[in-house]
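Listed next as structure tokens is one chain, alone, in the form predicted alone.
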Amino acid sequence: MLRYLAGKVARAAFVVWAAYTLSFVLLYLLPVNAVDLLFNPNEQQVITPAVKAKIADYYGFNKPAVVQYFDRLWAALHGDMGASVQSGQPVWAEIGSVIWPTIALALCALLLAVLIAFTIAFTASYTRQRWLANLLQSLPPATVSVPVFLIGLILIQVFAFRLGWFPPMGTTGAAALVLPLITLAIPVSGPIAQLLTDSFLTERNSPYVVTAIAKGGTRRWVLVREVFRNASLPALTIAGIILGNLLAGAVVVETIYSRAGLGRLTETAVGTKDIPIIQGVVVVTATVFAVANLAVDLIYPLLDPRLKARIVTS
């Protein structure tokens, strides 16, 4: 078990290191002057070579690439990702000031997406109406195929402008969270619902389900008490994809609804070429991916005794 744990932790650490290294190569070692990326292209003509030389010396751009990499990596290991080019504030301070609204939005959207997915999967497996089951099974691919920005624009037009139920933008108040929450949850619920539906339909025909029904269990009781646990295990394996959709969707959603958060910070950093902030966001995103998949790898053996037995015997 310790060897299994050590291997999973090492893989998570490798993912974060690889994300940091790739982002360093793409952001700092492209065949373009890194100093030029710090300025608006329209202002390049008014920046003197002396000023550029001072900036290159301040950020270490005039050092060899290998020295730059290990200097920045060593600083990052000690919690220093540098400072924002635009504000001068430490990267972690900039990210920490906006990340909590994004975390709240992502967690609420994940809970809503799981609820939507479970409702679709359970109803499609429980109903005896074939047309309804086919309709519900066609919903997950449809939710994935619709762009997030289109969902957001439709919700704003209907529920904000026409009905006036919710504000079209803003961060404060529970009402301002409703439309962004639904916008982000709908496409995320698609992959979960697809896996749950397929797993429910597969497990429903298993021998233990037939036996439970033969002993007097109702369809609803068997689906909830017997099928749900086994059918939900495959959904855990796509945790990384789900989180990826949440983080990618947050950038669009926070832009549409003018919400302060990690998505808006990323959009601003890309627009202003704030390289340290961009790299910090990449590292944070990779860390979230790594931690989520590590948690799944550790929880999965607890939910599936067969996997736990294989780990112990190996």
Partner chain sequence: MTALTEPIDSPEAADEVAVARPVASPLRRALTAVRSPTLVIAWLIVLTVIAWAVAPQLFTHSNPLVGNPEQAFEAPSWHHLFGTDQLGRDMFSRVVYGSRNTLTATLYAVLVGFVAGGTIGLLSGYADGTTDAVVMRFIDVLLSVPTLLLAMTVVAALGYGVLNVALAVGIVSIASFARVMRSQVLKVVQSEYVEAARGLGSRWPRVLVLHVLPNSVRSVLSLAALEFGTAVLAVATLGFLGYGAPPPQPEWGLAVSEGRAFLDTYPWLALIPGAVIAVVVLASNRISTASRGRRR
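Keep in mind that what you see is a predicted model, and the values were worked out from it rather than measured. Residue numbers count along the first chain shown, from 1.
Heads up, the form predicted together with the partner chain isn't pictured, but that's what we're talking about next.
- Residues with any non-hydrogen atom within 4.5 angstroms of the partner chain in the model of the complex fall in just one of 150-158, 91-99, 172-180, 107-115: 150-158.
- Put simply, of 9, 292, 18, 299 only one has a heavy atom within 4.5 Å of the partner chain in the model of the complex, and it is 18.
- At a distance threshold of 4.5 angstroms between non-hydrogen atoms, residue 146 is in contact with the partner chain in the model of the complex.
- Of the heavy atoms in residue 270, some are within 4.5 Å of the partner chain in the model of the complex.
- Contact check for residue 78: every heavy atom lies farther than 4.5 Å from the partner chain in the model of the complex.
- At the 4.5 Å threshold, heavy atoms of residue 68 stay clear of the partner chain in the model of the complex, well away from it.
- Although the partner chain is not shown here, in the model of the complex the stretch 79-111 places no heavy atom of any residue within 4.5 Å of it.
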